[in-house]
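The chain below stands alone and is given as structure tokens, in the form predicted on its own.
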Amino acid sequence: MTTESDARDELIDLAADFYDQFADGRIPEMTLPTRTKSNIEYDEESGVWTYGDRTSTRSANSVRGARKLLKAAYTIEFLADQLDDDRSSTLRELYYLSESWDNDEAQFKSQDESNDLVEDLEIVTGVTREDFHMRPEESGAKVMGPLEIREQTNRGDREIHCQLDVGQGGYQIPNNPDTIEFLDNDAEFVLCVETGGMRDRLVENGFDEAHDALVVHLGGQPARATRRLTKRFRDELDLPVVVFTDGDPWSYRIYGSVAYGSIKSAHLSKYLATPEARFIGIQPEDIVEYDLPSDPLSDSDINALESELEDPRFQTDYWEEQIELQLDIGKKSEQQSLASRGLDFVTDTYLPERLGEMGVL
């Protein structure tokens, strides 16, 4: 785990490198991997997405490049001071804070610009934004299940049981889940769930208690903290991880981000991705077998499915069969379409049967 001092040192070293280039009579520059789809490689050995060998250079030999380095220098100073003061801020606050900087050229024009710069600093320094004390806006992702933890907070450590000490909402995942210490658990597996409605159904029906499951609400495309905690469940508690989403191409990509990482965060794939995670459903064959209520595939759905057939993450016999079937039937279904067979069907029949087939139960 990176300490605050280590994170600050990495930032200062980067700023010192700019200074040294000036002192040597060189035009300052910063080199980092090219962050495009064409420079993303699937690492067969680790099973995650990583950046390739292509690089791009932010150089002060152009006005645009000089502005980027100026903004980087101001951001480095802000983050170093923040660490000195043991404070934190959100990505949104950084964007607005730049308006108070004394150089108009250093101010950000959009939040996308400030977000991208923070990611650049992560890549170059090898330090995560969480260790810079930078927080995203709240993701709302939560955990419910037989797990006891100790969490570090600004008001001291607190011990929490993620069933006994929380309400129906569960335990909210903090921005930096590396501050969590696992004390004890009786969990048998982790079930990552895409939608809040399905998560609530599972908790209301007592699925976490009946099957000793850690139910993790992904909240759509999962935040980094959610993916990091899921990886820790797998690596440190040796728990099987299964991902339960809607039955459409965009939800399959949610599974892909949990299991293999995403293009946007490829520099952190080994920190965030859980390549052992398995997809439980909704499968296209479930739509047929259970005659689930469905919607027709849109043109964008079809294009996405065809793209996934070329995606290394989905080039397995299982995924090729499922995607080809979905293209053939031309349908997609939501998780909650299982309610067409009764409110208890998902917890009493669908999930136990699927988990049994997968060897998890």
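Please read these numbers as outputs of a predicted model, since none were measured by experiment. Don't overthink the numbering: it's just position in the shown sequence, from 1.
Although not depicted, the form predicted together with a further copy of the same chain is the subject of the following passage.
Taking a further copy of the same chain in the model of the complex as the reference, which of 115, 107, 175, 128 has a non-hydrogen atom within 4.5 Å? Of 115, 107, 175, 128, the residue with a heavy atom within 4.5 Å of a further copy of the same chain in the model of the complex is 175.
Name the residue from 312, 296, 52, 293 that puts a heavy atom within 4.5 Å of a further copy of the same chain in the model of the complex. By the 4.5 Å heavy-atom cutoff, the listed residue in contact is 293.
Candidate spot 270, 324 and 359, all three touching a further copy of the same chain in the model of the complex (heavy atom, 4.5 Å): Checked in the model of the complex: no contact with a further copy of the same chain for any of the three.
Among 200 to 208, 251 to 259, 222 to 230, 279 to 287, which stretch has residues whose heavy atoms lie within 4.5 Å of a further copy of the same chain in the model of the complex? Result for this chain: 200 to 208.
Quick one: is residue 334 in contact with a further copy of the same chain in the model of the complex, heavy atoms, 4.5 Å cut-off? Residue-level check for residue 334: yes, a contact with a further copy of the same chain.
Using a 4.5 angstroms cut-off on non-hydrogen atoms, would residue 237 count as touching a further copy of the same chain in the model of the complex? It does not: once a further copy of the same chain is placed as it appears in the model of the complex, residue 237 has no heavy atom within 4.5 Å of it.
Contact test in the model of the complex: residue 340 vs a further copy of the same chain, heavy atoms, 4.5 Å: Within the cut-off, so yes.
Residue 151 near a further copy of the same chain in the model of the complex, any heavy atom under 4.5 Å? Yes - in the model of the complex, heavy atoms of residue 151 and a further copy of the same chain come within 4.5 Å of each other.
Stretch 297 to 328 - residues with a heavy atom within 4.5 Å of a further copy of the same chain in the model of the complex: Result: empty, none.
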